[in-house]
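The chain below stands alone, shown as structure tokens; this is the form predicted alone.
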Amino acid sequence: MNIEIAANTIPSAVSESDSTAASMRRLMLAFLITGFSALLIGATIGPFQALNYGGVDVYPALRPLLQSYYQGLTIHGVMNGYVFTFFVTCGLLVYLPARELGVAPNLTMWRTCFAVMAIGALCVLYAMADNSSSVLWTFYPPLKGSPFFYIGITLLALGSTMPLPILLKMRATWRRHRPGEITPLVTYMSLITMLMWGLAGVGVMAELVLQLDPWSLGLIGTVDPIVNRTLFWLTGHPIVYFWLMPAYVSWYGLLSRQVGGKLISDPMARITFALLMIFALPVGTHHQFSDPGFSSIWRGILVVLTMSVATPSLVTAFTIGLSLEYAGRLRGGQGWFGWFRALPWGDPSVAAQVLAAVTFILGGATGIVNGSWQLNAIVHNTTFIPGHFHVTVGSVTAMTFMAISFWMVPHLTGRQLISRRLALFSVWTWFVGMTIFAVGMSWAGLYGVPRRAWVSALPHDTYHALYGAASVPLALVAAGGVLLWVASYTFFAVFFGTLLFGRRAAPPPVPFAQSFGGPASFTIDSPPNPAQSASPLIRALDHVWLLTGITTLAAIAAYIPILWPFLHHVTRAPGWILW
């Protein structure tokens, strides 16, 4: 078969000038705008939560728009954790592989993905806005919300899995024209992410479809809280990696090109994603260390399994760090840290990703505390927990998505950023604000300050009697929240200002990184790239269904011993509405 043919002779190939490419750009832009619009809502409310811990209760002044701290916290968590991340991820993990492969995605399926999630987002926003569903982002029963909330979450979860068949079809098309070749890296990482998420989604879909949806509609009268918590965390822990892995796609697949270097190791990226997929699913019940009902033996096993997740993150730290060092030395950096200073810090996309990686050091360290049975007993249900995940999804994911938008919006629209200085200001302010906020939250947690608590509504003397010892960390929480408010609105001024007022310019290309020894292009019409140099391990990792099978077996082995006693000692709880 002759693969060195023009793009227009392959029905599925994408030419930059054809209508399919234009449709892809418009649809990717729709995902991006919708996702960041959700972040705008969530980030607007976020500082109110931070001020709450600083002893400032703003909610009485916000009525009737927001009735309580818990309504605000629910909107903040759902819009940021679900709607923002799902829309941006479901756009990126189709658009980037389509560009890398030069193969058009199934636009009907991709539009359906957008429509299903958009309907779901509107449902949950309606249910939260009227204060009928202040059940927080984990929606633990027996707290009971509106049917609109649960059906909306069901649609969001369902829609977020729809990129998987799109990716599988694009990969199959590419492999038909390039037999024997290893799946290109960005496509491989995107596919592994979606396979992981497809498996993980079984938990929350079972919880919603079998329990919470019919319960909210009045079709069943009670639910089992502990079974539902377990099903939630079957999905709820892997969702952390559904937030994290798209950021890794950019770090491994794009950042090296953006800093003017090369990716040091393509195989390390593949190993990282394979390990994340296998380790992510079996460990979710470490979020239930304080719950009754399963044995201490399994709790100990969970600690070991949870610590294993640190391995791919450490591999990433060394691989990306070395890739950045190589680029910095190419740019003239010398000495131990000269390469770091030599990176193109004037590029807001680079600055945001490097700073996101730096904050993840704190995220990883606090995650090890959460995953340890003994240490978790100290920080469980304290502000230490949101301190941790704000330096994962709030820094790694949010800052990397912001970084992507700085080149993606000009790429999609042909408009230059309205101000690189403002973009850089937003990035650095976000970094400083999030670091201060997370340090304050984690520190306050060590004093036993509870998470998800409307502490500012307490009488002044009571607040200081309970939390006066934590006054310094709680002041940091409030200050960090205000800085994040400034950072977010500066970012949105750049984002929406570029969309509306950016100067017309030639769209920049997608900055796909090239690894050492790897080809410059993997598009379906590029010269063949025989995979003779690929190691047996890399060839084995390319069998994605084998990885899927291993992950499925690991998850079943981990969850059957935990769910079995729960299912044999059923708790039937009616709904509680406490707001």
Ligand code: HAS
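If you're wondering where the values come from, they're calculated on a predicted model, not measured in any experiment. Note that residue numbering follows the sequence shown and begins at 1.
Absent from the display: the form predicted together with the named molecule. The rest refers to it.
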| property | result |
| --- | --- |
| 4.5 Å heavy atom contact, T272 and the named molecule in the predicted bound form | no |
| Heavy atom of S349 within 4.5 Å of the named molecule in the predicted bound form | no |
| Partner contact for W197 in the predicted bound form: the named molecule, 4.5 angstroms, heavy atom | no |
| Partner contact for Y188 in the predicted bound form: the named molecule, 4.5 angstroms, heavy atom | no |
| Options 213-221, 431-439, 478-486, 376-384; stretch whose heavy atom lies within 4.5 Å of the named molecule in the predicted bound form | 376-384 |
| Among the candidates M408, V449, L244, L155, the residue which, in the predicted bound form, approaches the named molecule to within 4.5 Å (heavy atoms) | L244 |
| Residue (of H76, H286, K144, R178) lying close to the named molecule in the predicted bound form, criterion heavy atoms within 4.5 Å | H286 |
| Non-hydrogen atom within 4.5 angstroms of the named molecule in the predicted bound form for each of Y248, A317 and T392 | yes |
| Residues of stretch 115-134 in contact with the named molecule in the predicted bound form (4.5 Å, non-hydrogen atom) | none |
